[in-house]
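Subsequent text provides structure tokens for two forms of one protein chain, presented individually as structure 1 and structure 2.
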Structure 1
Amino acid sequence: MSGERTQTGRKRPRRRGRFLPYILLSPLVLFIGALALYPTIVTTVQAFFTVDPVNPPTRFAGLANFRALIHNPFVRQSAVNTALYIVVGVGLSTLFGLVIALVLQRRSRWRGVVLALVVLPWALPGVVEAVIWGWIYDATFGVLNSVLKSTGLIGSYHVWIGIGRVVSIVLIELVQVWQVTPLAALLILAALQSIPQEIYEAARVDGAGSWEKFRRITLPLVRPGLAVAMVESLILSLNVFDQVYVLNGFAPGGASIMLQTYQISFNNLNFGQGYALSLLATFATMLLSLLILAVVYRRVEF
């Protein structure tokens, strides 16, 4: 029998194998859940304890770790630096991603090659990208100095990272923008390709130009892709570590929240404050992501 019959004579669908997909996926879901939940639970609990391997045992500290972080000038400076990383990273990666997505949307025989080249930086590890850009920024034989000097924009080679705070942050974040922009471009491109061409054709018949179609059709309808791309850029910019560590080391002028968390936890061996700072960074990521979604995201129906 392929199934039970109802009172109307129709056969009910066979229930055999109904739960098979869930059974097959359950080990992976449990593994990913444990991988994500366990560190979160440990971080949340240990943030309220004094965890110092040099000075055991572990003692309950309440909000002492958080108060110490607020009064730590290096933590405050790294928070301001991270805010600058976020502004530069989210702004530039979203802008460049939108431009690249608009270019890739046009049909071309070289579209596949361009797409492969665009995705390449996203596939590279952050440390490798930081090393590559370290050669570009090098004060002795760097490409940046060579190009600027050959064009007459500078008279001599300069040290770019570690001298000026804002310049260092912008140059370091450009490395991550180079990495994040391909992901932003793909997300925005997916949103662009979901827009029916009939809408553009109707606007063209009504006499709308390229700018009007972009402003009144493309931007409003691509907002879901823009929102997701901005959230991805926000998460990566707020948690920037590899690029800062390789290019700037522990210099306070360009230190990020994640670098400060590493320094407090492993250099100072104050794991309680390190847990507390990472917990604050997690909450900041959640709040800022929800803010971007509330401001930018709009549900689109065709």
Structure 2
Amino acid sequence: MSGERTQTGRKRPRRRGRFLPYILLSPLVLFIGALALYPTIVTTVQAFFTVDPVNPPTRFAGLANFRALIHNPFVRQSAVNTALYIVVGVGLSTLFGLVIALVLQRRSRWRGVVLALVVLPWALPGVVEAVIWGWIYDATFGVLNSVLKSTGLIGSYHVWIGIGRVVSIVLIELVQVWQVTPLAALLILAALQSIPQEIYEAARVDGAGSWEKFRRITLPLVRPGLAVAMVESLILSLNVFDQVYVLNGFAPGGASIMLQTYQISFNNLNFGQGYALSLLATFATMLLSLLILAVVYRRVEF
């Protein structure tokens, strides 16, 4: 008798509609499958093919695409550029984000207003931001020149973008940093706020000063937030496109890998090489993300 009942009971969700979850999930699975996973597979596979809509058919090419990329000086230069974008982007947005988060952590009358304004740059389209900053950087009428000259920091007006490679890249990336910093700040702030106040009080009773509290409590405990913020800004700076496209066009002095990919694929219609470069960039994204997580992330449980 009890054997009979084990049959009806047990594991199998007898109630709650057995098909309900699958019905609820089907649109999602359709979208993600057809428009995210499938394209990713296509990219991965066709990176090893010659894909040229002007010159069909698609045929297997082995590592030819990758070899062509490695020997393409523009691609190599864009890789160096992108590395610089990443260093500037991850470094500055994490630093600024941490500072802003620390300031916002303290409750005060102005916190709401400050928070609202801090989030603003994140909400605006990167293209529009680039246009706005482009005018600020303008060589003849830009406010940057104006301020630096009137404070005596420069003797005469500079052309900021398009001449010096490092300066161009730093300034272009600064626009992206402006956009990404709010996100970094919020992620770090969330981590800060998850630290129980009592820990600080305990540390104070134990005789820790502000600096010790920051170094021995805040910094270690905020690492999960830092890690996520750094991965976010890594992905964005590795993908940097809008700001470069607007401020520097396709000039090799500032072109990013994303820009190269766009050019190879949609201007030169060499989709095979586009796939190959995409695949390399995707791998780079994942590897660097894992690297950051391995170095920075430490699980914290309260």
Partner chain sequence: MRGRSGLRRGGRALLIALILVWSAFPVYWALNTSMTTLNGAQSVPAHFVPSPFTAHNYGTLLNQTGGGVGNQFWRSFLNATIESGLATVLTVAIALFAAYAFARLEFRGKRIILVAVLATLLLPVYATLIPLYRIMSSVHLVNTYLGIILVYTSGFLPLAIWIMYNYFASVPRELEEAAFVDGATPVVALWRVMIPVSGPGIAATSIIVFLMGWAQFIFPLVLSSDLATQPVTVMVAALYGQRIVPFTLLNAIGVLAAALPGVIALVLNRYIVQGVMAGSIK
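Here, residue number means position along structure 1's sequence, counting from 1. Throughout, rigid core stands for the largest set of C-alpha atoms superposing within 1.5 Å between the two forms. Please read all numbers here as calculations on a predicted model, not as lab measurements.
Query raised in the report: Between the first and the second structure, which is the form predicted alone?
Result: Only structure 1 fits here, because that chain is the form predicted alone.
Query raised in the report: Quick one: core overlaid, is Ile32 moving 2 Å or more at the Cα between structures 1 and 2?
Result: Yes: Ile32 shifts by at least 2 Å between structures 1 and 2.
Requested in this report: Could you check whether the CA atom of Leu287 moves 2 Å or more between structures 1 and 2, using the rigid core for the fit?
Outcome: No: Leu287 shifts by under 2 Å between structures 1 and 2.
Query raised in the report: Once the rigid core is matched, what's the CA displacement of Ile23 between structures 1 and 2 in angstrom?
Result: Its alpha carbon moves by 3.9 Å.
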